[in-house]
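Form predicted on its own, single chain, as structure tokens, below.
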């Protein structure tokens, strides 16, 4: 285990040095909220953010809109991909888990070259949470802390940061940092204290059963009345989908130029709560009812995706963004799963 200690002033200089040489993206204040954007100075970086408006793993690896290829009459086409190397600095453990799940999804079956090219060009610096958001429940989903999947893990231990390398990329990055020293046993105890505290602090909505039981619970819940009850006030706005770090559905459309000679093929975020998401040729729609779409989202988080990628952790990582974004206050997965657990229990 390669763990270094660095003072906060030395870390600021380290980040400025990185910014001078390559693209670095980090959390910045946007009014009273936070968002990941490219850094121009280390002074813009806010590692004390609670939660960002949009999940960085989707914004930078599966952009809201991206051009996949351009084409023109006659059959010629050109694939479009982004080969820019960049550092994603300060991603929280729950968003890192979402990123790791997306890696498994996009590399299996027909590997998504657009996603994987961006992923391979990225260096990930994760950061333990300093300020819990009001709706975070990562501890209930096993994502309050993280032990793998990062290139570097950063932990605030007071007057300094600890930086742990988790990959050859991380080793290379730590070697560039000036003013570091090997972490002492006392330093590692301070980090363990942060991890222990975050297991309690990042649990504003407590799941009443172990997250590993969710897929079994959902096997018996398909006809439960909670789906109809919750869906009565659903606006089908898709806000819960748009802010979720593990939603990855997209639509692909061709955009033909006015000259009818050239065009481009783009994909854009889509969402299973939106009316028309499942509409196919002949005006057939296999999840036309809101209740069916509402149920599908919760099944996808607790059962479908974990089974697809053989993950013990649900595809809800407990960031709490959907809880904050939902106007009728029905999107909280913990409320639904607890209701099912209370009614159906363990078997």
Partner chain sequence: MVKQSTIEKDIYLPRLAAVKQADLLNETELYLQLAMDGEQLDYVPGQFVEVSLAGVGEAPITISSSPTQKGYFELVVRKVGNVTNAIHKLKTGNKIGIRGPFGKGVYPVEESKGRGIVFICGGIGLVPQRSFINYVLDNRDDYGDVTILLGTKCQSQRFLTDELQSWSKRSDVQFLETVDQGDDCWKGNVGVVTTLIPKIESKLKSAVVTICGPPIMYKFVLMALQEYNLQHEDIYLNLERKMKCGVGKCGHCQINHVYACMDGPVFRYSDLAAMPEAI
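Numbering follows the first chain given and starts at 1. Treat the numbers as computed from the prediction; the structure is a model and nothing was measured. The term rigid core refers to the maximal set of C-alpha atoms that superpose within 1.5 Å between the two forms.
Here the subject shifts to the form predicted together with the partner chain, a form of this protein not shown in this document.
**Student:** Residue-level contact is defined here as any heavy atom of the residue lying within 4.5 Å of the partner chain in the predicted complex; does residue 33 satisfy this criterion?
**Tutor:** Answer no; every heavy atom of residue 33 is more than 4.5 Å from the partner chain in the predicted complex.
**Student:** Would residue 230 show up as a contact with the partner chain in the predicted complex if we use heavy atoms at 4.5 Å?
**Tutor:** No, residue 230 is distant from the partner.
**Student:** My question is simply whether residue 65 lines the interface with the partner chain in the predicted complex - judged by any non-hydrogen atom within 4.5 Å.
**Tutor:** Answer no; every heavy atom of residue 65 is more than 4.5 Å from the partner chain in the predicted complex.
**Student:** Hey, in the predicted complex, is residue 106 touching the partner chain, heavy atoms inside 4.5 Å?
**Tutor:** Because a heavy atom of residue 106 falls inside 4.5 Å of the partner chain in the predicted complex, the answer is yes.
**Student:** Quick one: in the predicted complex, does every one of 79, 110 and 248 get a heavy atom within 4.5 Å of the partner chain?
**Tutor:** All three within 4.5 Å in the predicted complex.
**Student:** Okay, which stretch from 187-195, 238-246, 70-78, 206-214 lines the partner chain in the predicted complex, with non-hydrogen atoms inside 4.5 Å?
**Tutor:** Stretch 70-78 is the one.
**Student:** Within 4.5 Å of the partner chain in the predicted complex, heavy atoms considered, which of 59, 46, 290, 308?
**Tutor:** Looking at 59, 46, 290, 308 one by one, just 308 meets the 4.5 Å heavy-atom criterion.
**Student:** Which residue, 158, 276, 179, 168, is the contact with the partner chain in the predicted complex, using a 4.5 Å heavy atom cutoff?
**Tutor:** Selected option: 276.
**Student:** Residue by residue through 214-247, tell me which have a non-hydrogen atom within 4.5 angstroms of the partner chain in the predicted complex.
**Tutor:** Only 222 sits within 4.5 Å of the partner.
**Student:** Once everything's superposed on the core, is residue 283 shifted 2 Å or more at the Cα between this form and the one not shown?
**Tutor:** The answer is yes; the displacement is at least 2 Å.
**Student:** Verify the C-alpha shift of residue 73 between this form and the one not shown: is it 2 Å or more after superposing the core?
**Tutor:** True for residue 73: a C-alpha shift of 2 Å or more.
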